[in-house]
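Take a look at this single chain in structure tokens; it is the form predicted on its own.
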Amino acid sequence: MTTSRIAGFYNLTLDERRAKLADASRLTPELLAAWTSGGLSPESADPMIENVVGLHSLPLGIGLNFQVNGRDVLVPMVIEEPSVVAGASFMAKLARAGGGFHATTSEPEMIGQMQVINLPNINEARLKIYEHKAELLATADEIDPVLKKFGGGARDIEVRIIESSPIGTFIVVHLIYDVRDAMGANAVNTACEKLAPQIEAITGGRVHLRILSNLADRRLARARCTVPMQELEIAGQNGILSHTGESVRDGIIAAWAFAASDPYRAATHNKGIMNGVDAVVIATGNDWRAIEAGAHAYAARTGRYTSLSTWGKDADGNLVGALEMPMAVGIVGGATKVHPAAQAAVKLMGVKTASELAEIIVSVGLAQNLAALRALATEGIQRGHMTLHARQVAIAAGAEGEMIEKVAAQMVAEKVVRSDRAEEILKGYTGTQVHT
């Protein structure tokens, strides 16, 4: 059985971490090797995109302590930003004390859009499409027999009238398509292409664009958690309480209220959520640009951009949080099936459906949101970032081996984390001029 609780993981060497991970997850050496090699060779990358000349690597870390719907999950996260993996892991530990994360998803329905222009009569065209809805759905349902075999296929037709556009009034036909465990772009785009001539014949207009929408507001993932108030207490020096659980809880709620009310703050607030979400989406070979686009469009669905998450307190005074957002991810097709590192990521989490993957991802997003809010509401965001960022600055200044920690520690103590200061400190230790 997988356990997400691995004590002292951060302090282990790379080899020791991989050994612990293998023990905790029963991942085979072959799958683990996909992460040590990057998973791709230039030759295997060549057919994936155009004009390939090489590879670009990012760190892959493991989110610990996650319990989603009563199941322990080790979460692969690909990201270059310091403190994200540690922050999400620590918040997962706090949430674990309150029962972990509880997550659900709606049906995996995607929206294909067909823009119909040059119509002789807008309202008549709209009604005619509804009159022919059954035959349109029947046509779309036969396009992908494999998807249909697994229970997917066309579900509904909707027609919207777009008024006052720069080109005048036109209609948009929405094809609602259940894509099961796929992300769905290829299936939906193919269905829209197939239906276009039929819709033109019905309406007398011309189908211009026909393409999937990344505002997947029919394919939502939701997560909630409860953090007992005592888990929020922060000890200062000598074990003396520096922040009570009540003050941290109220600080988190006040910080969320800022994001709920102000789009300038909401943009950064939601970026923190996406730090966690994108890291898992990238690790599993899914389309993080599509997830980003859908998330931010969903945050503005009322006409005002706002927070994707909500935070408050329950009747017992515990902190409660929830996150709801579109989550169009798949475990079949695309890079998820051809990239060995993505395959290892899916295997590590033990997910059998795209819905299970979405539930984990939205839980990580909520955890990372909590980590950012807790930091902002207490010691400030910079303290958590500073140590890890200082190491990067020290390395960039030329520090190697044990000197990395020495230079970083001094910069953190001075609260001056800059490349010029790193070079000065390094010179003081070594007595040599460093290159810039």
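So that there is no doubt, residue numbering starts at 1 and follows the sequence shown. Please read these numbers as outputs of a predicted model, since none were measured by experiment.
Below: the form predicted together with ligand MEV, not depicted.
- Checking 67-75, 112-120, 265-273, 350-358 against ligand MEV in the predicted bound form, the stretch whose residues place heavy atoms within 4.5 Å of it is 265-273.
- Contact check for Ala372: a heavy atom falls within 4.5 Å of ligand MEV in the predicted bound form.
- Heavy atoms of Glu81 reach within 4.5 Å of ligand MEV in the predicted bound form, making it an interface residue.
- Although the partner is absent here, Leu376 is a contact residue: one of its heavy atoms lies within 4.5 angstroms of ligand MEV in the predicted bound form.
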